[in-house]
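Take a look at this single chain, the form predicted on its own, given in structure tokens.
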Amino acid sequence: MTKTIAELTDCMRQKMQRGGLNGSLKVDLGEDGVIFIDGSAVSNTDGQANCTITTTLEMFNELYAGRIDAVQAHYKHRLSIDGSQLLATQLTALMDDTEGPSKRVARFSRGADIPDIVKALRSTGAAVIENCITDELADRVAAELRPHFDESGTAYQADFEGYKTLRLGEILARSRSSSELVGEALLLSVIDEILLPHCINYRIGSCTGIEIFPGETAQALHRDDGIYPIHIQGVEWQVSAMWALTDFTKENGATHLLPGSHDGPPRATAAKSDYTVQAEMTKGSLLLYLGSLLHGGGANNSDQPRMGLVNTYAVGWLRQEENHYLAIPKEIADSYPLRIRQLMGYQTHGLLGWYPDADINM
């Protein structure tokens, strides 16, 4: 049901109790009036603001209900933003419910329709598929990675990666069961829809185990496709798949996401984690997010570590982030099914990667 401007103003007063904006923002609803927010104070008095959102009452109801993000709507010409886009993004975040799943990142069951998942992923840049694999499989992958985390997980510690976080590469050489996640059918069906419009085939860009320990601070927001020197608006280089091998909670470092930050142009160059939502999910669940989406690992303020496995899938004409030909011994690679070997990179992309006796139609 469409709310009146008076009802929306009252709702905004309640939302601003979460902390307010870092400046002033005016929502200009034309003949229906204005909603003016200065810090945490909300009124219907007109005035100069650091950011002015001009739209309709109907459209602002859509924004308030969480069906669209302000900056995303701006680029779709459904509203205009004059001034600080960061304030518009902050307003969107503050309008999220304080409890329960975020309105901005859709959540699906294992049996959801692929087109619905793809639509949500394209809309906000991320989606969660709950209980995508069994607890038994998640536990098995975690157990296979455990000794490797303990032996060499500190090798990649640095300012960006964190000093209380363990990381592992060469996953398919360390965990046989991880191939069931890499080649999971529902996941690949979604990846097909996002990447295949731009390539003949795709492959794993990287495959990384991540365990965040208590006391770790939040990671800087970044884009996974930032490893590549150029970006083409509307073309996704890659999609990331974060598997929860333990429960992900706000307290133990669930991934921060900035929904809508994949949209543009231009792509924002920086953002504050204050404006993000966290992808809480139970063990065995899957977080999908586009390579162009701003995200980062959360701070672990609990007394237990959280473990995940993140696979990136990149269009087949790009150089892979991790060199699987050298990272995974050939005899181990050869022992996997054809689809897993293809995802590791043992396939051509047209004439790219050609070699004698290659099947260029793979």
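Keep in mind the model is a prediction, meaning the values are calculated, not measured. When you see a residue number, it is the position in the sequence shown, counting from 1.
FYI, the form predicted together with a small molecule isn't displayed, but the following is about it.
Q: Honest question, do D28, H74 and S84 all end up within 4.5 Å of the small molecule in the model of the complex by heavy atom distance?
A: No, the candidate spot makes no contact with the small molecule.
Q: Tell me, yes or no, whether P305 is in contact with the small molecule in the model of the complex, where a contact means a heavy atom of each within 4.5 Å.
A: Although the small molecule is absent here, P305 would stay clear of it in the model of the complex, with no heavy atoms inside 4.5 Å.
Q: Though only this chain appears here, would H222 touch the small molecule in the model of the complex if you measure heavy atom gaps against 4.5 Å?
A: Because a heavy atom of H222 falls inside 4.5 Å of the small molecule in the model of the complex, the answer is yes.
Q: Does G296 reach the small molecule in the model of the complex, with heavy atoms at most 4.5 Å apart?
A: Yes, contact at 4.5 Å.
Q: Just checking whether M242 would be counted as a contact of the small molecule in the model of the complex - the rule being heavy atoms within 4.5 angstroms.
A: Yes, M242 lies within 4.5 Å of the small molecule in the model of the complex.
Q: Pick from 132 to 140, 226 to 234, 204 to 212, 117 to 125: which stretch has a heavy atom within 4.5 Å of the small molecule in the model of the complex?
A: Heavy atoms within 4.5 Å of the small molecule in the model of the complex occur in 204 to 212.
Q: Looking at R167, K283, K164, H148, which is the one with a non-hydrogen atom within 4.5 Å of the small molecule in the model of the complex?
A: That would be R167.
Q: Using a 4.5 Å cut on heavy atoms, which of Q238, S261, T255, S178 is close to the small molecule in the model of the complex?
A: For this set of options, the contacting one is T255.
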